[in-house]
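Before any questions on how it binds or moves, here is one chain, the form predicted on its own, in structure tokens.
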């Protein structure tokens, strides 16, 4: 299918942005420029990984979310909570208690996302074993990684496993379960608590699908604060409600680094986290420097989902709490206190039948024009411009690198005169005045910034 657009959850508040360039210099896909003293996102390059959000000192980068009040558009309100949501709370607040609070603040049903992780792993393993031609197969669990491959490594899109994420498996399960129980489909609203911006973007414009299985996405930091406030205010009055234990010990760690890899039966596989580590490894895969790989579990965030930008806690602490909970679940399973066979397995055939997504298409950030002849002309222009630039990637031009500036010039988004070294060269030849050079810098970095700097000096 043809994806018409990329929705982006990451936004820039121009009133807060003062053009410090930290976001531009840290963006792994060179998706940010500084113009007029403000950061600007190139939407065709952005993968919603959140690196800009992490380094912004002014809070100018923010994550758009659905309004919590939108849950009341539905009579039956389901919340999908990932295991790391529970891992943000102290061990004294067990999962059943947090489930109770979620239903108390407005949801009618609560279920863990990882309830479907085992079925998801089985479907993925079957796909890997039957598709030898595109090894290594790459997990599509992390939507930032899917977009990274689409825009930066388009030659690897056929290596992506075209299987829906566990959140979609679980959403499909609970929706069908409620419908089978007699709830009208139009009354059901399913909302996902997300640890990152990429999962919001994936819900709003899913890759390989026309519509997501989820009706809305809520930021994890917002939901954590809502639940924690309830726990603190009424901790003594709250009683733990008995809820169905939907996850197994294997499933609860699925979103952690190695969580998916350990459930897939592959001879040789790697689990790699943090976006820059992933890019380095994919460079080697694309260049055939690494051979005989079956499967790659790739995560944009350090430690996997515990490192998501919307979590409210230290990623290592969250990881440890999730692992501790998994150990307790494993102990209960071994003792026979709980069964590893969950209710969701009754719907396995239905979930497997609806597990696939359509063809995942490349969206190369190097696509210079729809017209191939025009694109070739621009590429030729880039090759002519780049040797004229100093190749030191100083970013004074408002672009993250000399190569990025050459691309911008070829696409009429910048000028060769934006390079400060070319400005100095022209000044030395008396082909440019100092004032003309100053005006160019003001256009990039903002008049106020330059004037304030001069006055302060």
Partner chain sequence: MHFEYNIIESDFANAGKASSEIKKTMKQLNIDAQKIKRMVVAVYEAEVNAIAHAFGGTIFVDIDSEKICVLIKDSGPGIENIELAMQKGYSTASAKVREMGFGAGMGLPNIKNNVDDLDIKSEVGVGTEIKMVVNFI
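Since this is a predicted model, take the numbers as computed values, not measurements. Residue numbers count along the first chain shown, from 1. What we label the rigid core is the largest C-alpha set whose atoms superpose within 1.5 Å from one form to the other.
Keep in mind the form predicted in complex with its partner chain is missing from the figure; the text below concerns it.
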Practice prompt. Sort through 74, 153, 93, 224 and report the residue having a heavy atom within 4.5 Å of its partner chain in the predicted complex.
Written response: 153
Fill in: Interface residue in the predicted complex among 179, 105, 317, 375, criterion: non-hydrogen atom within 4.5 angstroms of its partner chain
375
Practice prompt. Tell me the stretch among 163 to 171, 377 to 385, 330 to 338, 188 to 196 that has any heavy atom within 4.5 angstroms of its partner chain in the predicted complex.
Written response: 377 to 385
Discussion item. Counting only non-hydrogen atoms and a 4.5 Å threshold, tell me whether 286, 370 and 403 all contact its partner chain in the predicted complex.
Written reply: yes
Worksheet item: Does its partner chain come within 4.5 Å of any heavy atom of residue 51 in the predicted complex?
Response: no
Item to complete: Align both forms on the core first, then report whether residue 317 has a C-alpha shift of 2 Å or more between the shown form and the other one.
Response: no
Item to complete: Look at residue 373 and decide if its Cα position differs by 2 Å or more between the shown form and the other one after superposing on the rigid core.
Response: yes
